[in-house]
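In structure tokens, the next block holds one chain alone, the form predicted alone.
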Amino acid sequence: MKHYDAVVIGSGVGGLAAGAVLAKNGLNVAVLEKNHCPGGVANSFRRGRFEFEISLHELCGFGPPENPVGSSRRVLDALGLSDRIEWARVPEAYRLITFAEDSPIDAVMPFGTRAFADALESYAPGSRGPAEKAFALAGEIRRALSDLGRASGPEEKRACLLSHPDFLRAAGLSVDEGLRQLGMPERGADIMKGYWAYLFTDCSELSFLHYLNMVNSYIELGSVIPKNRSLELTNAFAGYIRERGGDVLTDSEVTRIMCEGGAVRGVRTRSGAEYAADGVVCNISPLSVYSLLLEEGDVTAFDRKKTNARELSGRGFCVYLGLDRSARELGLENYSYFIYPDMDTASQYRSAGSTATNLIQNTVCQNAADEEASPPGTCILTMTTLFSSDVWGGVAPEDYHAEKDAFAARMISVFEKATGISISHHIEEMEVAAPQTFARYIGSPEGAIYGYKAASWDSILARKLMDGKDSDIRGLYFAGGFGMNLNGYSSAMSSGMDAAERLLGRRDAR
């Protein structure tokens, strides 16, 4: 049995970040991946002459060279990886389109807190002041979360909270309540909620602190994409681990986490290989870990209850389109299109529980950020929606392909209607990924690519106050969308770093 100081299960960006931080600190680490290449959905694929990005729409928390700050920058700079990747900056925050007849919205929102507040004022008079207050509060949230992350023990955490009174006042508010208390006009609030699908929890329930922190990370610093797709990010992490003597082993599906005396002792793969380790970081769903990878007797009642109490978030559905005209020729002037019937997010979240009623989509035109993303005279569109329940689990196998193609066609039709841009007759290549696709490829239950739902009782703040305890099993940690920081590339990388630091802290304390 080969011995490692730590094993990481799953090579999504959260797992790779954890492995890289552990390797940087001198640990002998192995990252085990069930597929034939690392990265999970941080990857790309080819159809014809197009290379499609699987999942990354935009990476936030990565400030420009003149202001190199943010959560993504923190992770990549700590590992010296920022300059290994060729970045393209996304030109604007988003274009929000709603097509409700009584109050349609078509708003293009810029990056930069001042520019964003000015644009919001132009679309919804009376919004500038509340927007400025919101961004000031976001700064307080960032400082409070940073201080809270460094605090140890209940007393230090209590003192930290008391030293950030505005953070504490806003802690129990939903997005809708928070924007109302800031005095934001309804139309301004609707526009400011454009990013809600990135967390996919309706704004009557979504934590105001969590949402505002995310919005600010986009608006203040802008966002980027790797010019060579998220595979470039994956390769940078994997290369770093190998350079420091670690292993990234593909075709190595873990089937058992071995425990003894309430602590991890190693893992076993499907091939029968066993690896001893005192620490295991899981970049996969706790549902899979507790139900499939652990002996029943190793799972405590608390871990079982906590896992069962949590609700899965969005189940992913993507349409990848290679078009035979350039973005300019087609009139695709924007990078990111958020398209909703209206901004009643509670209603839209419920509608996302059925293929018949789900009209939500976020579509990105990669060429708007990188003109060379596809061959000259062509462009790439990626359409994404999420489902709030296991809709596709009830589709009969014989109906699956027809249902999938029909829903993809409707997404294309909705985009054409909302934007007035005709793309149907210019589709050269098309691929469709339903929740089953993601479930099969990354093992996420029901194809839930967003991890757990960002419920108010299970927000980042609630998790931080748990003293960073991932599990009752000693030496077991979680990273990625199911980890401490919830979903998103930036959050996944940060959670990987945090999980590694908790593992390192435990080793130092022995």
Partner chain sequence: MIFDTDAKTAERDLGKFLSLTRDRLERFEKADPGKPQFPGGVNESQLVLHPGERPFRLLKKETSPNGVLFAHIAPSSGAAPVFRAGQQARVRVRGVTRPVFFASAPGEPPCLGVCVDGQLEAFAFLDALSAGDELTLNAPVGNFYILPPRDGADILLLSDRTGLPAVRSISRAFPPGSPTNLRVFCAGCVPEPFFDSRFTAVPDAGSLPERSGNERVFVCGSDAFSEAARERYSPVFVRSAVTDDPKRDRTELFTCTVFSPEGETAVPCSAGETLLSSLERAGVRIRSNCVDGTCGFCRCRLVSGGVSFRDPEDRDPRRRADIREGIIHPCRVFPDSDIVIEL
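Whichever C-alpha set is largest while still superposing within 1.5 Å between the two forms counts as the rigid core. The structure displayed is predicted, hence computed values, not measured ones. Numbering follows the first chain given and starts at 1.
What follows is about the form predicted in complex with the partner chain, which we do not show.
Annotated contact segment (heavy atom within 4.5 Å of the partner chain in the predicted bound form): 385-393, selected among 215-223, 330-338, 385-393, 72-80.
This chain lacks the partner; the member of K227, R244, R187, R89 within 4.5 angstroms of the partner chain in the predicted bound form by a non-hydrogen atom is K227.
A heavy atom within 4.5 Å of the partner chain in the predicted bound form is found for one listed residue only; from D106, E156, E416, D251, this is D251. Among heavy atoms of D147, none comes within 4.5 Å of the partner chain in the predicted bound form.
With a 4.5 Å cutoff on heavy atoms, P38 counts as touching the partner chain in the predicted bound form.
Taking the partner from the other structure, the partner chain in the predicted bound form has no heavy atom within 4.5 Å of any heavy atom of R350. At a distance threshold of 4.5 angstroms between non-hydrogen atoms, A170 is in contact with the partner chain in the predicted bound form. Proximity of F99, M258 and D470 to the partner chain in the predicted bound form is absent: no residue of the three has a non-hydrogen atom within 4.5 angstroms. Residues from 104-133 that approach the partner chain in the predicted bound form with a non-hydrogen atom within 4.5 Å are limited to K133. With a cut-off of 2 Å and the rigid core superposed, H164 has a Cα displacement that reaches or exceeds the cut-off between this form and the one not shown. Relative to the superposed rigid core, G377 undergoes a CA displacement smaller than 2 Å between this form and the one not shown. With a cut-off of 2 Å and the rigid core superposed, E155 has a Cα displacement that reaches or exceeds the cut-off between this form and the one not shown.
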